[in-house]
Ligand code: DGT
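Okay, so here's just one chain, in structure tokens, the form predicted on its own.
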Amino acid sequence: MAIVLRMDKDAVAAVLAEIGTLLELKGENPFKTRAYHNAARTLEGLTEPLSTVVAEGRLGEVKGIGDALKEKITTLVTTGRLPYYEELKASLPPGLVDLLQLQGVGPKKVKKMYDELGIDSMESLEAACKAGRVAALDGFGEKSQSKILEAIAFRSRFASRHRLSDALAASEPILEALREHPDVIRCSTAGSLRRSKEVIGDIDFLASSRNPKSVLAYFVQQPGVQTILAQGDTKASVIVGKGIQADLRVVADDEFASALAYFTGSKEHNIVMRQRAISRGLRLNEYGLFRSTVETRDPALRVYCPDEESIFRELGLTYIPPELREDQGEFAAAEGGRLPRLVEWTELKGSLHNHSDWSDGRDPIESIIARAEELGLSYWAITDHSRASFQANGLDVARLHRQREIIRKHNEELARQGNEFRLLTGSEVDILKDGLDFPDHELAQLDVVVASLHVPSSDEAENTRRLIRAAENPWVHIIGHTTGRLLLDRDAYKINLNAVIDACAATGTWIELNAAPARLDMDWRHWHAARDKGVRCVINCDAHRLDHFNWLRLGAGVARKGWLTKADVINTLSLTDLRIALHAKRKRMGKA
């Protein structure tokens, strides 16, 4: 049976998870709500396309998918719609689901506030908190009310902001479709997305064409478009993905290079570029580079610049990669020919911080090996949580020993088969108030040790002291997600980051660039300085599922924004060189 795919597994899983949440808000049977959440997790864990499973009639064979769910999933896959879901959404005030975006506010709390106080929006919740009515609810209190107000204030700071990963997921299918359109000559993303900012406002597309109306009509009809906001002769605006506005501008091809540079930005970078043009008796704008002392778009005055490289060259600069265009030192480096060759994600050989189903990961070690081999990686570290992370099913010492032995047997089998890929043993060990969660003699048996602060203090000095002490431990290789931030959800912990960086430089401890989309931590703004102090980076997926392997690419984009080269990133090393590097800190601190 051939089917036309209207929704992939991740989109279907998201709908099922939302159905489960909506049913919770309505107070439905918990077994029913759990069935939808479990089905969503099952689909996310599928290792083959959902369309294939549906087409071959095997959906009913998937554990946890009964007849009712089978019918709903098939409908979503083949039509992209589900009347049951749409009716369920319509039966509840739309603002209720928005409340779930607040940290610490779950379906049970939302239902209680709605049932007892009639709270059905962010505005009504804020008003009720300020009036003290939420604190009076059974099970809430002043502390909960205060935290809800803090969460509302935090969210309002980031209204209409989106994570880089969501923007990439929404933009890439549209960009690929534009490339296939016969009337498109050239096209690209622009703006903060092209610059790999960790949080973006909207998505900018740019295309060149002799028939802009045809291209714009095609753009607004793309499957990912939810709403058409505007459509003119040279520009269209739509809503895509998770409520992200996307704009497409269509220009003549001889304007494409200058328009791409202009709309990529940043604003601060563009100001300096225009000033450089003026100092050379030129004018630079979105239409081109012109031999003129006043603003113009006269084609007769245009300097021939077929690409961005030629614009930079005309202004006395080597090409500046989009990620560096923030007016943070790139001009001096480009003027002197000192811009680094930035790391490429294809140069990454593996990830040194990842989880399996031994703790809170979804997949068994066998599936992880298969996925890593499929991607052509050289190594992959299994660093499941330590025992203090009980909510994540952290490993105690006995389970750590068993896992290490199982990994050893897997590696023996890989060697017997002549396969060069290897798993590395490890742990993401909690940094506790009085030390690390495992004793040194246990850490000494592991290939990789990532030390992470999961339960911080409210005191900056205490958090800083704990991180520095972890860096000073000879068995710790990496400080994980150093600041603990969750983009658009939680601010960074209070720490003296410069002191932590100095401690890592002094001890040879690596700092992680955690590539999980909600983290991207350590922030790109600190990497240039850390690198100059001799600190090396590890781009880690912190993978909990097989599709998280793709975050290597995301992390590399942010590493490029931090001016990092292949030599600055540990996991560009071969397996042999990585083992030497892992041994180096212990040797340096007299523990080899």
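If you're wondering where the values come from, they're calculated on a predicted model, not measured in any experiment. Residue numbers run from 1 along the displayed sequence.
Form predicted together with the named molecule: not shown, discussed below.
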TODO: Choose one stretch from 410-418, 333-341, 194-202, 230-238: the one whose residues place a heavy atom within 4.5 angstroms of the named molecule in the predicted bound form.
DONE: 194-202
- [ ] Would you kindly say which of P474, G394, P212, G265 lies with a heavy atom within 4.5 Å of the named molecule in the predicted bound form?
- [x] G265
Task: Candidate from T189, N270, S208, Q145 lying within 4.5 Å of the named molecule in the predicted bound form - any heavy atom - done: N270
